[in-house]
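One chain is shown next in structure tokens, namely the form predicted alone.
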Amino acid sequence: MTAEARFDLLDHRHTQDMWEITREWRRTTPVLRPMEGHVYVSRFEHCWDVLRDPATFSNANGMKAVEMPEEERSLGEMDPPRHTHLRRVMRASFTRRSVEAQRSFTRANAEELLCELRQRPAVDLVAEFTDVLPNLVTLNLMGFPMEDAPQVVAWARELLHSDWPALNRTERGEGLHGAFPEFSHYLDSLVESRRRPDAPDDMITRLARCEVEGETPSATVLRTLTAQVILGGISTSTNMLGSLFYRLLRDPSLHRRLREHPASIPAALEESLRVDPPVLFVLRNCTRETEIGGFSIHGGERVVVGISSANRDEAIFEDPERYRLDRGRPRHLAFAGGTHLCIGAGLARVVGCETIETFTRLFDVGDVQLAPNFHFEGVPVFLEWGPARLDVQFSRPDAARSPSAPA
């Protein structure tokens, strides 16, 4: 494909099958304009150049197709210095200590869910496990009442599948509050309740009591930030787990190795993030005339940072198309990088490792298998990668070992 050819980056039917074409782009035209107003960057070094220069490649407005009011921008829709101040507040809830505290919760809930599922002969592992567990962990970290989790997740899914992510509105109204008044009212009430002196020390409480440059953020800002944490991990962690489970279910030798050598699980997760990143690319807005790798980019154009391509860059990774545990923990861009490095990356890694450890401990090789008629279909989202479903069957009702049984 030449730089003048058209490739629709906003159509999942194109982006879900980009591996071969991005390999060709890396070889012949590493920076190109595959569709009007969009420049795709395919090599690792060029992607990193974009990610670490927020002044030239702005993240303001994120994926929105309309200009966003300042107060309604999430962290991913801001630039420094406002982004820097609010990210510092958010980071206080994603410290190593806070994230590590979620290990036991993740493990216990993974065991409970898996032992329930194994009572049935066949299930969709995405809908009933990998799409459930990460959301429970996120809501627990934030301090949501667990009894509210199903409703909160339902609201979040309704929001993500509406016009709001692109247009900041639906037919019901403008902004999060106008478009989803019930969800917004719930978030506002929860934040307000955390202003009491006896409120628990959790993420929502810290947000409710925070100050930015000596001022208390408005209710709109606090609502937006609270919603962002829920929305930010609702599909990416599902994709991350789904891709690794799909690989485990197709590769008995990998399942056996992780079961017998659980110390290899972190490397297995990192290699899966490299080869099958949950997000295929992120977008930045070019603020001035510039160039990348000798290719001219105009102010106002959108720069597409090709995460999935950079993670398979031959200049960085030996034998890049192969999944290999001997890489250790390869440097990759699955969580983006620079100023906008994913704030939940540490939590995602904890959830991933604990989930895979629990699964491989409870189930031996062959205890869980893909349904005979299973056909892989990717999630129908233009910038995401992962299985839309994983239909599996259990070899016997008692396949899972008791959680108390020795590993």
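All figures in this text were calculated on a predicted structure; none of them were measured in a lab. The numbering used is simple: start at 1 and walk along the sequence shown.
We do not show the form predicted together with ligand HEM, though everything after this point is about it.
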TODO: Indicate whether ligand HEM has at least one heavy atom within 4.5 Å of a heavy atom of residue 358 in the model of the complex.
DONE: no
Open item on the list: Given that ligand HEM is not shown alongside this chain, does residue 339 nevertheless sit within 4.5 Å of it in the model of the complex, heavy atom to heavy atom?
Closed with: yes
Task: ligand HEM contact at residue 233 in the model of the complex, heavy atom, 4.5 Å - done: yes
Task: Contact of residue 228 with ligand HEM in the model of the complex (heavy atom, 4.5 Å) - done: yes
Task: Stretch in contact, per heavy atom within 4.5 angstroms of ligand HEM in the model of the complex, of 80-88, 165-173, 214-222, 112-120 - done: 80-88
TODO: Spell it out for me: taking ligand HEM in the model of the complex, does every residue among 105, 127 and 368 have a heavy atom no farther than 4.5 Å from it?
DONE: no
Open item on the list: Looking at 343, 379, 39, 362 here, can you tell me which has any non-hydrogen atom within 4.5 angstroms of ligand HEM in the model of the complex?
Closed with: 343
- [ ] Answer with one of 246, 317, 335, 155: the residue that has a non-hydrogen atom within 4.5 Å of ligand HEM in the model of the complex.
- [x] 335
Open item on the list: Need the contact residues for 281-315: heavy atom within 4.5 Å of ligand HEM in the model of the complex, sequence order, or none if there are none.
Closed with: 282, 284, 307
